[in-house]
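Laid out below as structure tokens are two forms of one and the same protein chain, each shown alone and named structure 1 and structure 2.
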Structure 1
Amino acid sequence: MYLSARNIGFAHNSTFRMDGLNLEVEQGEMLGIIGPNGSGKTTLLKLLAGILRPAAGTVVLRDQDIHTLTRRQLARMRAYVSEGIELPFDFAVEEIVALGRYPHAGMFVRLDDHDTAVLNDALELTDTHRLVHRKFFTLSMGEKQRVMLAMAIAQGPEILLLDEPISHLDIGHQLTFIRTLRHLHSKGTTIISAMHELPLAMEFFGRLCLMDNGRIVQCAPSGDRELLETVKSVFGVPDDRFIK
């Protein structure tokens, strides 16, 4: 299996814990992680990204424990876009997106023509090319999310992990964002994203994993009838109108 979480144990505090969590992701898959607030979606993504280290079990990428990879090796393979978007300095958009090339070019190496072409493609794909000279702190939350996606795309990752990536976008940019993910997926990128927007998750993601209380309740193709019934039960909704 391409990416596996094997018998994962993890605890934030006495109120949240994972025990024996297992998940397998195939290369090139587009997987949505859904569940109520506090169910463990963000924690799972950070474990899969190698940002958090499990107390028990392992996350395995290409038959290798993810925590045996160097930070640079890992950055060349996966990109992670968080929901909370904060930067310590007010960089220009162009500078932020360029950070995505440093795992390949190095921190103090001038970017070459190939790097520049990759940056331009990332800006075009995310509709952020008009923002290149803007300072990050002047952007709306939706614009910031698109800039962070552009930086992640510029990394050229095999795996893209996103935490609630469209939560601050209007409906037009939500659809554009999802179409961008579908484009990346069509080029072979493995996409794993936590999603609050259930109708969009069910429309665009091939498989969904439903989480609740730190465990994966069910994984199934997005149109699976049994999954829809379990979603209704976990979220406490009476019928399909709120999820379709």
Structure 2
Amino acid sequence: MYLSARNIGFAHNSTFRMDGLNLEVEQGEMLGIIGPNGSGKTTLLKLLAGILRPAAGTVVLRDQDIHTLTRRQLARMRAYVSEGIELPFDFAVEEIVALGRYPHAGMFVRLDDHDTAVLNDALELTDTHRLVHRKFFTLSMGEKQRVMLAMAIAQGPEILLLDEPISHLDIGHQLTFIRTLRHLHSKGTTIISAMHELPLAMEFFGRLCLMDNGRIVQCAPSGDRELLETVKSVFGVPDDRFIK
């Protein structure tokens, strides 16, 4: 298996715990993680990204515990886009995206032609090349999310983990953003994203995992009928008008 969480245990404090969680992710798949607020989607993503360290169990990437990799090695293999970002200073888009090359170039190495090519690709893919000289504070929410995605793509990751990347966008920008993810997916990037937009998740993601209370309730291909029923009961929304 490509990326797997094995018997993960984790607790934030007394209010949230995860016990014996297992998840298998295949290379190149586009996996959506759905579930109510506080069900543990973000925690799971951070554990998979190696940002949080599990209290028990391991996260294994290509037969290797990710916590045995150095931070730089890990940063070259996976990128993580958090839900919204607040910057204290008004960096230019160009400066932000370029920092995505840090895991490869380091601080004391000048960016070479390869780095520049990767950066240009990231900008074009996310349609942010027209924004390079803009300041971050002047960007709209949709533009900010695209810039953070560009920064993540600049890391050149095999795995892209995203935490509710489209929650603050309008439907038009949501679709554009997901198409970009689809495009990355078609080029072989493994995508794991927490999603609140169930119809979009069901339409565009290959597989969905439903979480509740720190557990994975069910994983199924996104068209699965049975999953739909579980979703309704977990979210406590029996009405067909709200859940497709």
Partner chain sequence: MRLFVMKRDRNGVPHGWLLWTGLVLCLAAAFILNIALGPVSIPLPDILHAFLSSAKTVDSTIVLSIRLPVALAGIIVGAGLGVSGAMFQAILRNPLADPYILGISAGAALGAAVAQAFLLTSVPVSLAAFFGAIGAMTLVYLLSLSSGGSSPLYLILAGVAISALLGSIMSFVMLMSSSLQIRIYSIMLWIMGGIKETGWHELIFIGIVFMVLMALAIVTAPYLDILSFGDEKASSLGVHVERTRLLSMVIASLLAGVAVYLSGIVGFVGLVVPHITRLIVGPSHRRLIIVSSLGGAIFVLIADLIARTVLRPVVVPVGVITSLIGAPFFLYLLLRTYRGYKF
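Along the sequence of structure 1, residues get numbers from 1 upward. Note that the rigid core is defined as the largest set of C-alphas that superpose within 1.5 Å between two forms. What you are looking at is a predicted structure, and each value in this text was computed from that prediction instead of being measured.
Comparing the two isolated copies of the chain, the first one is the form predicted on its own. Q73 is not among the residues whose C-alpha shifts by 2 Å or more between the two structures once the rigid core is aligned; its shift stays under 2 Å. Core-superposed comparison between the two structures: CA of L87 displaced by 2 Å or more. On rigid-core superposition between the two structures, the C-alpha of G142 is found to move 2.4 angstrom.
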